[in-house]
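Next up: just one chain, as structure tokens, the form predicted on its own.
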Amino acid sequence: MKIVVPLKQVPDLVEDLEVDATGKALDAEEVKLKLNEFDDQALEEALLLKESGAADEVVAMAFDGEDVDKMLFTAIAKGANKAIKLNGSSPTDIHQLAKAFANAVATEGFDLVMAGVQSADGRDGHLGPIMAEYLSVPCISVVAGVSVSGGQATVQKEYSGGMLGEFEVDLPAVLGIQAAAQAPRYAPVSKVRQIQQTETIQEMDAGDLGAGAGSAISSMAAPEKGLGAKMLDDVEALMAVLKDKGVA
């Protein structure tokens, strides 16, 4: 069984984000990118299936960009069999991104696509369900557990309040992974450097991206800051403030 895992870099939300001169995008010179955390979960779940013997091959796939080679070599260092880089810059429209990944996945061949359930910079949908539509295969998203047997996957889907539902889906299929069975593994820098010297990244054209969803960002700005907080020493001080505001 072959599992393909689409990977994507997103802005690191721990860092300060700067809006560029257009007011419609982040400043590419200032933004620090990292692997989307849910894609990392999807990769880990795929590797666990491989290690259990349920899968024979795990393929990591991503669009070209800054530090993408390192991200893909890291995926191989963690246990992926192969890495594929799509030529060109990654579309900002998630429908076009899904179409590009679907084109490449269909060319590569697959039994399972395991995508992150969402990304920090996605604004108009989830990658997995849209890919499934383009590939004409079933999709289950918000997945927190996967087992595979006899051409069928048994999937635990998470609902609000921590409720889980169990589904069986025939392969091939697309899954939107929310959480792997264990925390994503760490690849030592020394191993990544060794992989960079011994492995190669396959390149592939993205093909026709389609028209996209037609949405566009009209403006972007940092959230407005409030007036701050006032620290109170005791209940009497709190009551005084409430009386001053006319609520007590």
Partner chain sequence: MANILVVTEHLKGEFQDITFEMLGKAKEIAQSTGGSCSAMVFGSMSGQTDQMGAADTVITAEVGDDYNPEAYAAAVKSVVSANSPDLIMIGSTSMGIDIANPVSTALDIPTVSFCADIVAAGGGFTCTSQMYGGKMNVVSSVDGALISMVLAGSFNADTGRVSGSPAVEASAVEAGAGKVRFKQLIEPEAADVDITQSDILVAVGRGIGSKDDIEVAEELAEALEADIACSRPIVDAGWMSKSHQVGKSGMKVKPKVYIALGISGAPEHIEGMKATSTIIAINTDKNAPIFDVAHYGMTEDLFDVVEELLEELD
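In this text, rigid core is short for the largest set of C-alphas that superpose within 1.5 Å between two forms. From a predicted model like this one, the values you see are computed outputs, not experimental measurements. Numbering follows the first chain given and starts at 1.
In what follows, reference is made to the form predicted in complex with its partner chain, a form of this protein that is not presented.
- Contact here is defined as any heavy atom lying within 4.5 Å of its partner chain in the predicted bound form, and by that definition not a single one of Asp56, Lys70 and Gly109 is a contact residue.
- Of the residues Val142, Ala83, Ala77, Ala104, just one reaches its partner chain in the predicted bound form with a heavy atom at 4.5 Å or closer; this is Val142.
- Taking the partner from elsewhere, Gly122 is found to have a heavy atom lying within 4.5 Å of its partner chain in the predicted bound form.
- At a distance threshold of 4.5 angstroms between non-hydrogen atoms, Gly65 is out of contact with its partner chain in the predicted bound form.
- Looking at Gln197, you'd find every heavy atom of it more than 4.5 angstroms from its partner chain in the predicted bound form.
- In the predicted bound form, Gly207 stays away from its partner chain, with no heavy atom inside 4.5 Å.
- Shown here without its partner chain, the chain has Ser160, Gly161, Gly162, Met163, Leu164, Gly165, Glu166, Phe167, Glu168, Val169, Asp170, Gln178, Ala179 in 160-179 lying with a heavy atom within 4.5 Å of that partner in the predicted bound form.
- Comparing the forms between this form and the one not shown on their rigid core, the Cα displacement of Glu236 reaches 2 Å or more.
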